[in-house]
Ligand code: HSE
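The chain below stands alone, shown as structure tokens; this is the form predicted on its own.
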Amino acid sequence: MNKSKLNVAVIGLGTVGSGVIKLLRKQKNNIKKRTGIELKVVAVSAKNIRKQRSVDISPFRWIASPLTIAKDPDVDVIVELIGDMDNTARKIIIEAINNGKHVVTANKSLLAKEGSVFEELAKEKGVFLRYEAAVAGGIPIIKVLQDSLIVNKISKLYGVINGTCNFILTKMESEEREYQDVFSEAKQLGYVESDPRLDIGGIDSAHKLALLSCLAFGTSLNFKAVKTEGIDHLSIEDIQEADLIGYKIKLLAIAEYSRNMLKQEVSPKLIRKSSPIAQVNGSTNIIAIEGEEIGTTVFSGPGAGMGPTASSVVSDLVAIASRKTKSTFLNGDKKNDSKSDDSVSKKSSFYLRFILKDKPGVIARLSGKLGSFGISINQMKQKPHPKQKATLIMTTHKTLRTNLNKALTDIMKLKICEQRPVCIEIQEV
């Protein structure tokens, strides 16, 4: 590799890929002035050369097969931005590293599953694997964990790291609309992945959380251990009821390391309105980190979009060109003993919503079943519901999640509920 120049190939020319080319072109002189290094795009590849794009790609060599670029001797670094389609991205990364090329990727789903394999191979071949753009868009959280907070013993990190879900929940609240209506709008606006479950099912957040966890705690990468729940069962009624008692509902990603055990979870939570986490709206992301020396530090910014994500990609390219990069710890030395169940001794309060058959005695039977598991009701109110049903809203005093789950299972067996109850933990962050 020429120390004063880095030849770059961009694979994938969608929103982010086009943004990377635009940014490199716009900041070419500034990057060279500040680092002494020229970042030069020499080749590009995508599905369709004829597609109309927001950037002119005619100055670059077009290579139809991305695997061919991975072997090209004139390329120093591959920027992989095609996503996890048909195993192609995996093949490109493996091929590029095996051919001595550095890799920059935004592919969080692939990294969450095989990042440690890629990193081990990159170490063996003496090249760098960078992925700042894979988590939280324009927030440089990977570099923060690698460099700025390296001397801190981190005990906990949490935040809102999926812009689509936050957009939907914000719209539901501000415009008093039901989930399905806002979801349809988000889909029309292009905010939702081609497989919607990745966003609204919490899977995208789980991918990102798995990556952040191993960086923060030095644990091995284990995406499968992230307990994951989405937002598609939530109603405008839940959001309004949360508001009345001083909370907002957010899809929270949280990882906590204690007593050699890592707990990783993505699920909706009730967050106090006064918390910085609750005040993040739209597609903005926010991440809080609790460290031994720094206390709690909060990072917030755009979680996606052409400019922020391209900025993260280009910052990785500069780090590689400057040789100011290192292992990203995706193959941490601590065993990941994450638990996917609720066998945790910590007690929490919960918000519950039941749609009950409107018959005499159903509330008494429900309350009795909760009481049999030691679950104490803090607040409760009944609301009318169309079609001979009743809506029951309640919050509990602090209790074990395992006990509540058992009680809810037994309540469903009583056949007094019209649908599965909504249960959301009240999280103090």
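Residue numbers here begin at 1 and follow the sequence given. Only a predicted model underlies this, so the values are computations on that prediction, with no experimental measurement involved.
Heads up, the form predicted together with this ligand isn't pictured, but that's what we're talking about next.
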Contact test in the model of the complex: Gly303 vs this ligand, heavy atoms, 4.5 Å: yes
Taking any heavy atom pair closer than or equal to 4.5 Å as contact, tell me whether Ser213 reaches this ligand in the model of the complex. no
I'd like to check something about Lys208: if you look in the model of the complex, is any of its heavy atoms closer than or equal to 4.5 Å to a heavy atom of this ligand? yes
Ile141: heavy atom within 4.5 Å of this ligand in the model of the complex? no
Among 314-322, 155-163, 230-238, 250-258, the stretch whose residues bring a heavy atom within 4.5 Å of this ligand in the model of the complex is 155-163
Would you mind picking the one in Glu193, Asp72, Glu95, Glu173 that has a heavy atom within 4.5 Å of this ligand in the model of the complex? Glu193
Interface residues of 107-130 toward this ligand, as seen in the model of the complex [heavy atoms, 4.5 Å]: Lys108
